[in-house]
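A lone chain, given as structure tokens: the form predicted alone.
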């Protein structure tokens, strides 16, 4: 298995390590519940170095990204980022990712860990066919870069102890805390440049810091030290999953895959049909115009039960109609929650369903997304 530059730090902290997409990663340090609640109430630091960093640059970069992805890269000002999806010709999702515009002709792509090689190969294949390929440079810098995410309502109270001063690239700000949601800046850290973005995958405020491997090792230690008085803890993949499920953020391989479209997954907002042609557009345009046969729904158990899990069947009126793709016990709500796919006619909020858990059906109800709301 691959290991991130923070592997020894996880060992020292007593993390329980698991195989996650070919990476040996921390699933928890103390308990998933404790780490989850720390992020909701204070702060948590996650190792996200397993994710990939790709770059696309050159005079034709915008037109190439708009050919590749569903969202409209031309709308990004320097220092802005957007969630987007890379689809195949059938509209199925090859991967979902974040695109940041670092400079006029330079873009940073943050892709899923399991998709780095697949994404790089797909982008290279599409680049070979692209008419203006000589005006584009594509590179995979994943082996050189590491990243951490620090998330939670108290992060802004200590982040400047670690990332200080004004930005030297990307969004122009006097402090990292001046970044708005989905903005990215370049900041100096011990005579090196690091990227700091204000994006998040937990439903809480927070930052992602991306830099060379040695810098991120130091930043990890400094974040935990600076954040300790504010209740900041190291957090693993277990809490990352419960946090994103509560706010209904999709995870590739669960809500998204090559046989599921963004419209079916409920992220059709990130499909810009008005920008011109792109890979998968024909299918997605038809789905937006005519509707889809299945939808990704969120649900909440209505009685105490064992937690729902992926692939558990969804029933209604004695008939199996779909299956869960994500499921967990919500630490914030104290009850089982999840997401799944059902025929569109059964997808309305307040529809009563049953989740088959260990051979027995337990009552649940379809709810509006997100499942967890602050306050």
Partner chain sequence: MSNVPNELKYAKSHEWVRLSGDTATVGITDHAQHELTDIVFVELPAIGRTVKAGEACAVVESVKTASDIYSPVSGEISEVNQAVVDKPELVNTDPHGNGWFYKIKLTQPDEINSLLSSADYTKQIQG
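Residue numbers count along the first chain shown, from 1. Predicted, not measured: the structure shown is a model, and the values here were computed from it.
Just so you know, the form predicted in complex with the partner chain exists too; it's not on screen, but the next bit is about it.
Would residue 41 sit within 4.5 Å of the partner chain in the model of the complex, counting heavy atoms only?
-> Taking the distances in the model of the complex, the answer for residue 41 is no, it never comes within 4.5 Å of the partner chain.
Taking the shortest heavy atom distance, is residue 31 within 4.5 Å of the partner chain in the model of the complex?
-> Residue-level check for residue 31: yes, a contact with the partner chain.
Is residue 84 close to the partner chain in the model of the complex, meaning a heavy atom pair under 4.5 Å apart or at it?
-> Heavy-atom contact with the partner chain at 4.5 Å: absent for residue 84.
Answer with yes or no whether residue 329 is in contact with the partner chain in the model of the complex, where contact means some heavy atom within 4.5 Å.
-> Residue 329: yes, in contact with the partner chain in the model of the complex.
Option from 300-308, 153-161, 217-225, 106-114 whose residues, in the model of the complex, bring a heavy atom within 4.5 Å of the partner chain | Selected range: 300-308.
Listed residue that, although the partner chain is not shown, lies within 4.5 Å of it in the model of the complex (heavy atoms), from 60, 316, 27, 333 | Checked against the cut-off, the match is 27.
Heavy atom of each of 66, 181 and 373 within 4.5 Å of the partner chain in the model of the complex | Checked in the model of the complex: no contact with the partner chain for any of the three.
Quick one: name the residues from 127-161 with any non-hydrogen atom within 4.5 angstroms of the partner chain in the model of the complex.
-> None of them.
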